[in-house]
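Take a look at this single chain, the form predicted alone, given in structure tokens.
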Amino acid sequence: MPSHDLVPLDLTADVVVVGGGPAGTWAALTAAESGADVLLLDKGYCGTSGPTASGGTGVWYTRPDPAEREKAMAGREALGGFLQDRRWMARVLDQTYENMNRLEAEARYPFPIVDGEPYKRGVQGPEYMRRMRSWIKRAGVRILDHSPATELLVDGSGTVAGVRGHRRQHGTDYRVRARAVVLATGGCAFLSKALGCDVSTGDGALFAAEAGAEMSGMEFSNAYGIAPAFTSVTKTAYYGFATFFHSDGTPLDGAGSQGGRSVIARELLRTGIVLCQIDQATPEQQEQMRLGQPNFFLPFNRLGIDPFTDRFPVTLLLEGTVRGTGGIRITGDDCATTVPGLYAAGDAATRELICGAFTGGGSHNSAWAMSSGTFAGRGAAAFATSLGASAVRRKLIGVGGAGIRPDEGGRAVGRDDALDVIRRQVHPYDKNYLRNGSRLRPALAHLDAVWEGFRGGAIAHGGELPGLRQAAAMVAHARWMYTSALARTESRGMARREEYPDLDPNQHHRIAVGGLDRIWTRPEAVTGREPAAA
């Protein structure tokens, strides 16, 4: 008997939330407030791991003023290729407004006072997540830290009925029998070293796909953040106030934070050096930046560099679906997926509904995290309540494939092999960012071969299993990403193709993608807007 069938710790819960970032904690809080017994699983320590906990972030927050709301929704629609759903945008703005007010009133988050009012368009991640952890514990949520999930469990009808995983600090496996599961595992940044993102390896999407769920928007997943070459801090918004230079000090024409990042990528490919100076911020804006994101300036201070007056080298770090918009496809207002009993929230879920084809950046992602977490927690609790008492006696079946239940007769591929292919086929700018079918197809072929190796023999147990499953999740992510990118033969939002530089009105649709051994794509009609907007 393989060791993953030995379960030293056997737990039950109405709702299991996998992931302890903003989306996971809001999901856990809402499910608990709905009366559910909730268990939250975090691969790290809930409240400290993930991109939000590592720094500050803006929040897509507006008052319930019609003109202000319209401006917030219309501001990025063209950039997003008009793939957003206006009804969902309004729902998220409403929920974000409510949640930010609750954060102030019930979690006592200390928003700074600006012009006599609490400023709620941003949060400091460490303080925000510290308070979320305390809040969900007060609500009765149980937390299992350092306990990565490794697969979903389903019943005989395919309804999700639990989770299996591993407790790192105890060296033992665990199983949770649950009535509903929320995946809030974050996006996938492919171990690029972007600050806080190396825990974002796309695990939840792999689990969901193994249970039969679909993805959407995966072609919009090639986000690269600008970072000083000597740090991992990607705070791209600040570079909207920057000028970029060649290594000889002459201006790099066309380079910019928005609409000019491809120029930076090409220069990095050509010479390996791009210099930057944040020289267009006023003294007042400089002060706001220092107050808003103090950790951005720490490495500059240590090196004696003033980013407002000195030039410094920059690079681009892959942020994948952490800052892109692709993820698990949502089929209902409660963030349900195509699999009964399974819900998705935060970066694990597609953000096309509010961002369309282009990243909304940290502000939209943070609003989406708290809102989708709220929707998913409420939906999962309702689903759990709808099941009868016999639900806890369902026979559980593990659906994990790669690394757990390999096919016979294949070539075993290990974690290091997979990570090497990810570095060579997914990280490079000329494959993933400056996309061309002539480079995407060979890269996809390499990834397909690695996947076949995973399915054909790679297996791990105990503490080695989470790492192997993370590698499998990244390979799966990349294959959905490139397959969707090849299916979109135009340039829309972040999905730009060198050989198809124009937007094609006939491709005003979303692309669903799914499968693991055989990847498929399917166009999906855009919801929640007038067709004339295309």
Partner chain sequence: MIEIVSASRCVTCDVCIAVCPTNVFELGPGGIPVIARQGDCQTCFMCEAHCPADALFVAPFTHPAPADSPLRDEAHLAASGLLGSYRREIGWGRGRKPGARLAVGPELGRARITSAALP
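Since the structure is predicted, the reported quantities are computational estimates derived from the model, not experimental observations. Residue numbers count along the first chain shown, from 1.
The next section is about a form of this same protein that is not shown, the form predicted together with the partner chain.
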Of these, Ser247, Thr385, Ser134, Thr243, which has a heavy atom no more than 4.5 Å from the partner chain in the predicted bound form? Thr243
Using a 4.5 Å heavy atom cut-off, which residue among Gly156, Gly272, Pro251, Pro442 comes into contact with the partner chain in the predicted bound form? Pro251
Any of the heavy atoms of Val114 lying within 4.5 Å of the partner chain in the predicted bound form? yes
Can you tell me whether Leu195 touches the partner chain? I mean in the predicted bound form, with a 4.5 angstroms heavy atom cut-off. yes
Under a 4.5 Å heavy atom criterion, is Gly467 part of the interface with the partner chain in the predicted bound form? no
Evaluate Ala485 for contact with the partner chain in the predicted bound form, applying a 4.5 angstroms cut-off between non-hydrogen atoms, and reply yes or no. no
For the chain seen here without its partner, which of 492-500, 505-513, 40-48, 24-32 has a heavy atom within 4.5 Å of the partner chain in the predicted bound form? 40-48
Ser54, Gln124 and Arg302 all contacting the partner chain in the predicted bound form, non-hydrogen atom within 4.5 Å: yes
Which residues within 289-320 place at least one heavy atom within 4.5 Å of the partner chain in the predicted bound form? Met289, Leu291, Gly292, Pro294, Asn295, Leu298, Pro299, Asn301, Arg302, Leu303
